[in-house]
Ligand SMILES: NC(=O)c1ccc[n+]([C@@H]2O[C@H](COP(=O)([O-])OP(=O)(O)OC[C@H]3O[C@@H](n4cnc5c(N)ncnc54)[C@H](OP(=O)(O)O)[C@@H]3O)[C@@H](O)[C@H]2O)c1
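First comes one chain, alone, set out as structure tokens in the form predicted alone.
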């Protein structure tokens, strides 16, 4: 049975992949950063228990590591684990916030990918690399507004923030490794939200932040276009799709959009209507983002800093996503696996209800 090295196991998607691998009884080496106040094994055990209480733990090996360090910063015991047989490297560790400095994002996302690739190359030289699976994002497409092919990488688009820029740079690094002959598969999720069946989420970033502002009645003016397309997928679909692709040898050398795609994407207005019903709030007021940026921002931003500083500081990073977005082709994905994401309207109320009941992560709810 294939053994797995998994980075990013404590992340929103990473923990879902971890429990699925453990449920398969696969041997998994997970890396985690050292923390002074937490035993690493206890921390990962808690992550598994929060995600899937009944998942077995006897095939999980925990190693301290740092994706920005040489060889992922793995100690001698972890390197011995790698030497014991064939390994599939699944690199999911990344910094996903939009508002952090570029230098930090460069170190974490691009530097981390380079280090993961260096481990994969060493395994390949020893004849023990099964393949390298890289978790990217569909939003390497940047400011494109057309239909994006899964085979497109850098086609002249402009990234809209440091996250998109560094994830695109990371894909270029992975593409170079593939050109060298490394067996590579790239997974590109779109905007990941909670579990479609329960609404459960372990992270409340990206789409959740503007929804939180609205749910708490702090602000109901949206600098966005109601007809702007938004591609949203639940975390259970992304994790299940990746697991299915792990089993397909034909996935090697290809890129897969794990996205709603042209047939299942939604609009901002459709999501807001559902959120309004769940939160029982007044209707949203829409202001065109181009109008706001050109004429209103110089006047409104100073006022917002006084009355809604959280909106003024953080809201700007979301403006490009409320103006326009690409459509993601899912042709490669649909050609290899039968699994399809559910339509957003069929589960988005559960996503928002869980967010509200957990106070957007401040209250811990049982799985």
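In this text the structure is predicted, and so the values were computed from the model without any measurement. Numbering follows the first chain given and starts at 1.
A second form of this protein, the form predicted together with the ligand, is not displayed here; the remarks below concern that form.
A heavy atom within 4.5 Å of the ligand in the model of the complex is found for exactly one of 234, 224, 189, 210: 189.
None of 21, 13, 352, 344 but one reaches within 4.5 angstroms of the ligand in the model of the complex through a heavy atom, and that residue is 13. Although the partner is absent here, residue 163 is a contact residue: one of its heavy atoms lies within 4.5 angstroms of the ligand in the model of the complex. Using a 4.5 angstroms threshold between heavy atoms, residue 332 stays clear of the ligand in the model of the complex. Although the partner is absent from this view, residue 65 contacts the ligand in the model of the complex, with a non-hydrogen atom inside 4.5 angstroms. Although the partner is absent here, residue 261 lies well away from the ligand in the model of the complex, with no heavy atom inside 4.5 Å. Stretch 133 to 141 is the answer when you ask which of 271 to 279, 133 to 141, 215 to 223, 248 to 256 has residues with heavy atoms within 4.5 Å of the ligand in the model of the complex.
Within 4.5 angstroms of the ligand in the model of the complex, the stretch 198 to 224 places a non-hydrogen atom from each of 203, 205, 206, taken in sequence order.
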